[in-house]
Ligand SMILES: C[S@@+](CC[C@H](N)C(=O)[O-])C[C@H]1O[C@@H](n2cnc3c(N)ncnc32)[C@H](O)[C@@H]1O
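Shown below, as structure tokens, is a lone chain in the form predicted alone; questions about how it binds or moves come after it.
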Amino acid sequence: MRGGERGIETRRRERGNDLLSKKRETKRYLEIGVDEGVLMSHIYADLAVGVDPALRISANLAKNKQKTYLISATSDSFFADPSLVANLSGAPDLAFLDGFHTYEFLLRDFFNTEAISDPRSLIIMHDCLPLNDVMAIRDLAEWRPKMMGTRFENWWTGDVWKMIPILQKYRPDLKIMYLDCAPTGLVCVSNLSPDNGILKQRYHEIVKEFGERPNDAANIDRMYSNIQITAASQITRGGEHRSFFRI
């Protein structure tokens, strides 16, 4: 989602993300899909790296950070270039994935991020909990006229919800929490294994398998029936953070 289409969602989730980054005492932060940078401007980190092929910055990204690097490139290009990844100066403590909203793109962003992470890193994926099957339409041109004039007209998730059953099937070793951040949720993935290459090794097989799975209400409902959603306030405001994620 680009520009104004992302703005409503950004305002609703930025408080949860800045509190989470602060609670984790984040040293290195990676964001895929920066756009205008509103969310990134609320992140607390010593160093932040943002990646987006169409940066349109309108916010103060240096706020609450010692260093900020912006890289105008696709995420695939970023991960393929060690000199670009080196801007992180080590494994990210926290990574936020909000790039292009189709599952095969997010799948690549996930396994590429995990490969440069540490077992204690936390990866957050956005827009994986659609409110209906229309906002999950893959094609923006098809989605737009169907959502115009509805209460959901600014919300496009694409079919990245498929990442949930993909990880459940192929990476049962991961610890996954599903947070109720409005409007389309956050999926927090920890217990990472940077040397686990199964998602990359079987990428084409997985894409074919889940490309054949209909992107419809029945399958989205089936995904919801297999997860438990947690109140974000438990993570960002209450309880002990270490009981949820390794740090």
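One rule holds for the numbers: they count along the sequence shown, beginning at 1. None of these values were measured; they are calculated from a predicted model.
We do not show the form predicted together with the named molecule, though everything after this point is about it.
Student: Any idea which of 115 to 123, 145 to 153, 167 to 175, 100 to 108 reaches within 4.5 Å of the named molecule in the predicted bound form, heavy atoms considered?
Tutor: Of the options, only 100 to 108 has residues within 4.5 Å of the partner.
Student: Considering A182, A62, A54, A217, which brings a non-hydrogen atom within 4.5 Å of the named molecule in the predicted bound form?
Tutor: Looking at the other structure, the residue within range turns out to be A54.
Student: Applying a 4.5 Å heavy atom distance criterion, does I32 contact the named molecule in the predicted bound form?
Tutor: Although the named molecule is absent here, I32 would touch it in the predicted bound form, with heavy atoms inside 4.5 Å.
Student: Test of understanding: in the predicted bound form, would L39 fall inside 4.5 Å of the named molecule by heavy atoms?
Tutor: Yes, L39 sits close enough to the named molecule in the predicted bound form that at least one of its heavy atoms falls within 4.5 Å.
Student: Answer with yes or no whether F96 is in contact with the named molecule in the predicted bound form, where contact means some heavy atom within 4.5 Å.
Tutor: Close contact exists here: in the predicted bound form, F96 approaches the named molecule to within 4.5 Å, heavy atoms only.
Student: Taking 4.5 angstroms as the cut-off for heavy atoms, does N87 touch the named molecule in the predicted bound form?
Tutor: Contact check for N87: no, nothing within 4.5 Å of the named molecule in the predicted bound form.
Student: Heavy atoms within 4.5 Å of the named molecule in the predicted bound form is the criterion; list the residues of 191 to 227 that meet it.
Tutor: Residues within 4.5 Å: none.
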